[in-house]
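As structure tokens, one chain now follows by itself in the form predicted on its own.
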Amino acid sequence: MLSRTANNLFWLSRYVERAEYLARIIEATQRLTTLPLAYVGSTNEWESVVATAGCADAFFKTYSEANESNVVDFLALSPDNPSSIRNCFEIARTNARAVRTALTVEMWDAINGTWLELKRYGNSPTTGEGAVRFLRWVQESSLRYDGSASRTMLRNDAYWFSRVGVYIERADNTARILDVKYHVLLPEHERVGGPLDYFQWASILRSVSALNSYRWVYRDSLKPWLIADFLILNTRLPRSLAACYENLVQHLDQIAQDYGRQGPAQRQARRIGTRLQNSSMEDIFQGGLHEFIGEMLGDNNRLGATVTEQYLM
């Protein structure tokens, strides 16, 4: 496969995954801000969304206040935000068009149909029922594309590069959600485990579709250390860091087997995966959750760069 084709497939999947992630964190914040003030607390939840998305600097160059209207407009529809949902889908469709022959009919229909339908939204209202419908449509569009890829793609290097993109992006998203919750959402004067903490953690679990799954697995009330364990170390949760790296190791090894040689990307993914397998929440909290997540984000970004250097240039 040409490196250009692999690169397009890799980024096509990353941008579709990123669009869904943005829709999820916006929707979770909308739920949280509808709660009574005693449960929401004194922090600006919309400012935390911008921080989670990693675009706070760009946002405050355009807007003076982080409120629902401004944040949803910037993250959902703004052409000036390179990572807005609109731009994610447009870049994904551009990548898909460049590798049209590497996609199945169902995959092309899913991404092209999403792009065409996106034009109908134009500059729709970014609050109220219009925003709710838009965010739900984004998630459904991402699931439609991901499902078509999983069900129709031949299991070859095209599929594996596509999945590597998904899991690198997903690991980054999960790590950012956890990090921002622990250091932005909970005010310093609020105790961990209090009512405010409970509703904020619940909103995070909803943002990764894991609230019911948490209850099935742990049979317990929401506890920060159990939620962190779920999102970091539990391979049964598809969006956990451990599950992402289990899949990354598998797909990178399949690429290596197909191409006849291992490389730094495979070794790096295995090292991160082994670290997660050998970690415990006691050790992570003792060393600092923020420090652990920061190191994971750095390792994940370096893995993406290594994959690019090894295969996509």
Partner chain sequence: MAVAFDEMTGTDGTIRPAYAELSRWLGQVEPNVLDYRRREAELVFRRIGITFAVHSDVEAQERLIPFDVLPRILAAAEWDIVRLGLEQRVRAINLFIKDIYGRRDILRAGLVPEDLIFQNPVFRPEMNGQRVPYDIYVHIAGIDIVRVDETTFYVLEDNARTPSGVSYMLENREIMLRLFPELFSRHRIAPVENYPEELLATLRSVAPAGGSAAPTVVLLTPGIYNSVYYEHSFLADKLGIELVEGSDLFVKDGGVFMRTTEGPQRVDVIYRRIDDDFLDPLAFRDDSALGVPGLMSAYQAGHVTLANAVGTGIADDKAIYSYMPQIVDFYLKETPILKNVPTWRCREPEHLAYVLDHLDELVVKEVHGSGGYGMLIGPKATTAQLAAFRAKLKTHPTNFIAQPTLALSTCPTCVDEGVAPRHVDLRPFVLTGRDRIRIVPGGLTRVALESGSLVVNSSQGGGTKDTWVLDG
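What you see is a predicted model; the values in this text were computed from it and never measured. Residue numbers count along the first chain shown, from 1.
Separately, the form predicted together with its partner chain exists; it is not shown, and the next lines address it.
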Name the residue from Val132, Leu143, Ala98, Leu226 that puts a heavy atom within 4.5 Å of its partner chain in the predicted bound form.
Ala98
In the predicted bound form, which of the listed residues (Asn87, Asn156, Thr94, Thr235) lies with a heavy atom within 4.5 Å of its partner chain?
Thr94
Given that its partner chain is not shown alongside this chain, does Tyr121 nevertheless sit within 4.5 Å of it in the predicted bound form, heavy atom to heavy atom?
no
Taking its partner chain as it sits in the predicted bound form, is Arg261 in contact with it (heavy atom to heavy atom, 4.5 Å or less)?
yes
Looking at the partner-bound form in the predicted bound form, is Gly147 within 4.5 Å of its partner chain by any heavy atom?
no
Heavy atoms within 4.5 Å of its partner chain in the predicted bound form: does Tyr218 have any?
no
With the partner removed from view, which of 202-210, 76-84, 112-120, 169-177 is the stretch that lies within 4.5 Å of its partner chain in the predicted bound form, judged by heavy atom distances?
112-120
